[in-house]
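Next comes just one chain, in structure tokens: the form predicted on its own.
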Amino acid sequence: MNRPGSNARNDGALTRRQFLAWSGAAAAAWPALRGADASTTTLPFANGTRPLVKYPQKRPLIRLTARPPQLETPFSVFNESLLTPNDAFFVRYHLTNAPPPPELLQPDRFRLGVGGKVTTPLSLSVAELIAKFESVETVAVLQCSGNSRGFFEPRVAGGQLGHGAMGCARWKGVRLADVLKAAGLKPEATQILFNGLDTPALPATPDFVKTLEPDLALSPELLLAYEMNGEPLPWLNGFPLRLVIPGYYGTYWIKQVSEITAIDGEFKGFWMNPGYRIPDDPCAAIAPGTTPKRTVPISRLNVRSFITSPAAGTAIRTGTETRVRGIAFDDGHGIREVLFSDDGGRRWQAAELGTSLGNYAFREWTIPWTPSRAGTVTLMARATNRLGQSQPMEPLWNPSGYMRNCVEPVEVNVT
């Protein structure tokens, strides 16, 4: 491991020339932030018509809002590969002034500050982070807490998302734990605060600040990432530096992270309480239309699976073998099995799991299927992880529209 001040060689180290080139690419994109409408798509729920919009460094994505940018990945992308391409990766910001102007991201201006209850406050550029600390990689799913919210019944407030507010990428960065150890957490530090460069338009709007407990923050799996799928982070996905917390919902994955502050006591910020809370229940669910008696912060991903091929509405001939394909993931315990049904869930058979890219990644599954009857056929997939946790057959409900993970049926037309 390369400690601060070490002269040990760091393969893949970011040179100043590379960083300047990447910053220049982001700067050139700034005038086109709002994107240009290409066409429209309709998601399969009420009021689901959305524009497909081309943003800087992105192919046309499904736009939910322009300010702040909220862009959803078209679901067909998940059938392309297990790693979600950078230009198709979803975008989610919370504050109106986001992302920050590229001039704030230049190597002579962007700094990561580490302070508060530490013995040695730090101020580091990305190039200095890479030079002073060991770089590591992990493949992990990033999923928005409200992914699939548009399917909730009764409907709930918030962004009406389809299934595309998720993605899987190979993240490269330095361990957050190494940086915190270099700063030296004091014994009285009880929480670690993370803040990015996105800002509210009005003073009354709370800044987007998230907290972690020290034990989690010091886990070797958490990264301060500067690369995504072998390339610099896209500007809209956190360039030049973002927090990566494998197995946790995306609300904690702060983009353009610029401030890390250790505090004593409990942080009372809006985005920790009342924001991003779920019912204090093992399934994070309550009866539709009711109010939870107690809540806790949202944290780890639950088990999910999807059929990515064939797509809904596909026409398939009777007696023709089709390879059904999909993805499954959980919070890092790993997928044990995926079961497939072609009769609406009455009978199930085991699918074949593909090569694992790591316990935090999408896991491919496939199964050959030859339809024997004509008509509308309902296909289903149900994943179980190594702890025995699985997916409910029916959707669970909570007032924020978080953590949907029920079995998602796909109807195809057999002729």
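Counting begins at 1, following the sequence as shown. Treat the numbers as computed from the prediction; the structure is a model and nothing was measured.
One more form of this protein exists, namely the form predicted in complex with a small molecule; it is left out here, but the text below deals with it.
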Tell me, which of F152, W253, F133, F306 has a heavy atom within 4.5 angstroms of the small molecule in the model of the complex?
W253
Candidate from V338, V174, V114, L236 lying within 4.5 Å of the small molecule in the model of the complex - any heavy atom:
L236
Wondering, does H333 line up within 4.5 Å of the small molecule in the model of the complex on heavy atoms?
no
Report yes if any heavy atom of F75 sits within 4.5 Å of a heavy atom of the small molecule in the model of the complex; otherwise report no.
no
Taking heavy atoms and a 4.5 Å cut-off, does G196 contact the small molecule in the model of the complex?
yes
Should L142 be counted as a contact of the small molecule in the model of the complex, where contact means heavy atoms within 4.5 Å?
yes
Verify the flagged residues H163, W365 and R382 against the small molecule in the model of the complex: is each one within 4.5 Å by a non-hydrogen atom?
no
Could you tell me which stretch in 290-298, 245-253, 217-225, 277-285 has residues with non-hydrogen atoms within 4.5 Å of the small molecule in the model of the complex?
245-253
